[in-house]
Structure formats: C-alpha cells, structure tokens
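This document starts with one chain, in the form predicted alone, laid out as structure tokens.
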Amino acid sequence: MADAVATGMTPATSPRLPDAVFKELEIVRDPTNLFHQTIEQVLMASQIVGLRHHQQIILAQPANEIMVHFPVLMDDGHHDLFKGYRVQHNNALGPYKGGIRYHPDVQLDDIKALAVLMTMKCSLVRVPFGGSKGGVKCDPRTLSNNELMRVTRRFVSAISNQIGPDYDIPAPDVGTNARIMAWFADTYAQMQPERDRQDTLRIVTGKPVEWGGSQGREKATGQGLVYILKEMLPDMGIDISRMTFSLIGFGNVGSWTGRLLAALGAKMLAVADHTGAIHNDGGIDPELLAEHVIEAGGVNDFTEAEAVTTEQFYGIPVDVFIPAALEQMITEDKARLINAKVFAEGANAPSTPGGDAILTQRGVEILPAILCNAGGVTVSYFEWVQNKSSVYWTAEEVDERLNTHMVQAARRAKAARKKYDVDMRTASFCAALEQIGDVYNLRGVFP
C-alpha cells in the first residue's frame, strides 16, 4: 500500500526517516515540544507501515491553525482580552472532531499535538472523524459562572465560521463540561440562523442529556479505558476483579475510571491531583472520594485515607498505574519511582519521551492514550449520529456499542504488535495509520 511496497524496499531500509521529513518541512526539532514528540511517533510508525511520502508530510502538519483574540466583559465592568485556538489536523476519514479545553497553560503546539492524537484515536477505533482540538487560555476556576458563559459565547462567535456540524465538531475537554457545551451550541445557533435549529445541536457533543446529549457520554472515557483493561489484562496475567490501581487526576476521567473499576472488584489504593496525594492500603472508596472532590475541589483532606508525599505516592505497589490528568506529567524521575506492572494512559501524552523510555526499560507494559483514551470520542460519535437521526439510544445500547469499538481497537493494536514486532504504543499508531494510508490510497490527493 506504500512507496516501500511499490519499490520493493522494506520500511526498515527506507531512506526517509523522521529527521528527513522534519528538515523538509523546516521544523526545528525541540525535544521538549509535545507536538514535535507526537509527530516523531507518527512518522516512525508511518515508516514501519510504509506510508507514502506525501501521506507522511500531510500528517506531519495540521491542515489549519486558527488563533483568535476576543474581549470579554468581566463582572467588575472591565474587559479582558482572551486568546483561543482551533487546530484542524486531518479530515481524510471524516469531519474534524476534538475537544475544547480551558486552562491557563493552553498553547498552540500542545493543541496541535492533541489534534494529531485525535486523528489517530478516531482511526484506531474506526469512527468516521478526523482530528482537531481547541482551547482558550484561561483559568476557569477563577471565573464566575457569568464570566465563563461570556468567554464561551465570545469564543464561539470568533470561530463560528471555521466549525460546523458536518465540518468540525468540538466537545468537552479539560476545564469544560456539558453546561459549557450547551452554551456553545446555543451561541452557534444564534450565529448561524440559516441552519435548522435541530441541526445546530450537532455542532458539539458532550451536551447535557436533557438537550441532545447521549446517555453514557459523561463516563465514556473512563468506561472505554475499563473495556481496554478487561480486554488486555488477561494477557498480562492480571485479574481485573482482584487488581490494585492508583490514579493521577480525579476529574471526569479519573473519577469514572475509579468508580467503574471498583464496581468490578478492583481496589483503588492511591490518588493524586493538584491538591495533594492520598493512600489507603485497605482501598479508597471512589464514590466517597468523588463526593469529597466536588465539595473540596481536590483529594486533599479526604478523611478516609492518609496524606502521602509525591514520592510515596509514585512508589506505592499496584498492578495498574493510571495517569488521568494533564500531558507530560511523568518525567524520568517519576517514571523511576512508579511501582506497577501496567501503565494505562487515561490522559493524552501523560509521559515525556524520557519517562516513557524509563518505563519501557523497567519492563512496565504501556497501554497508550490513543487506545485507552478513545472512549470519549467514540461516544461523541454516537451522540452526533443520534442527533443526526433524531433518535436516542439507551445507556445499555451505548455501552454495548462502545464495548464493541474498544475491544476491536484493542485487537487491532495487538495484531499490529505481532505483525510489526513493536511495543504497544507504536503498534497502536501503526494500526491507526494503516487505515489512514488505505483511505489516502483510495481517494488520492486533489488535484
């Protein structure tokens, strides 16, 4: 399916390595840059599966990078200027799809990296979407409810001509939720009066169930991760009903993962977030912790567990360690401390390349984010289909369909691992890129 095949040259002997593509596109490689790290992983996997040169350079840069600045009236009467992004990486498989995050550290190259990862996720789980990502540089915890609403509505108005229900469909991410998606959809409807009101519901997914949202969307990322663990852990000799695990991050993904695993009999021994770290050898009740986090804003001061230091948290022996917070949190130093058999990425790109290498050297099995984290976009696709068809599925129907997509994705990754004799992260990229390469070979490149 590729130049290497057409010429009889194997991927291993192909002269076009990632360095050559970086040089051709005049990308000055920065080893600390998340976008550069992500593209390098994609290009390495592209070499293995034998993607053609033009396919590699297409995937090495986003199709569109949108940056906007917009004023927002604050509660005290003055205006603040906010910066927002929407990056559209690739739509070979279907409309762009990706979350919107509100966070003070939002920056362009990180958004570009996350858009690339979304392209890979959609391909791996075989939903007909491409990858995009967006964000606003702000701290939502410091904004009032009215300020948050105005930020959202102004951002939507700034990018309304660059998105659409059949072109680019946003969703929640870090710092955003179903309520913000409702504001997003309502604002888009006002900005596009020529569109049918029902049709404008499809402009975002992750909406409240009461207004076009899907059953199961809130827990979807955590549920997808659990389905991956159920499929993968038996091969590693781990019984999910008896396993122990720890979590970084106890927001939407972390809390749902904890609750769903506990319901299967697994024991949550430790949790860390931006407020601190806690541990209980007898197990932490995720339902009680979720209630505490809603009230207190974090895991600190949870009375049913003891506070521990960061070093102690990482060193607690568990079967599965699950990072479910932000990118690049697991550095080399932290990777050396982790005492687990499996590292299951609930968050996007949670480890640095150095941290990743240390975990691999220590024999920790890494289940990558484009596999573990893909439940959210899969149920977002279900929501989009339900809106488009004006039908609604039960929670049981959603879970059954999600399980099918996640199990098949896991099996594709396992097959690619065996076929190419690579680690699971590379295998997952390979399984995603095979699909993208096949589509490009069929459709070609205009003109």
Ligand code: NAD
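Because the structure is a prediction, the values reported are computed rather than measured. Just count from 1 along the sequence shown to find any residue number.
One more form of this protein, predicted in complex with the ligand, exists but is not displayed; see below.
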property	result
The ligand in the predicted complex reached by all of I57, N90 and L93, non-hydrogen atom within 4.5 Å	no
Heavy atom within 4.5 Å of the ligand in the predicted complex - the one residue of G355, G258, G175, G212 that qualifies	G175
Heavy atom within 4.5 Å of the ligand in the predicted complex - residue from D319, E231, E327, D168	E327
Contact flag, E332 vs the ligand in the predicted complex, heavy atom cut 4.5 Å	no
Contact test in the predicted complex: R362 vs the ligand, heavy atoms, 4.5 Å	no
is_contact(R101, the ligand) in the predicted complex, heavy atom dist at most 4.5 Å	yes
Contact of H274 with the ligand in the predicted complex (heavy atom, 4.5 Å)	yes
Heavy atom contact within 4.5 Å of the ligand in the predicted complex, the stretch among 142 to 150, 157 to 165, 197 to 205, 241 to 249	241 to 249
Stretch 342 to 368: residues contacting the ligand in the predicted complex, 4.5 Å heavy atom cut-off	G346, A347, N348
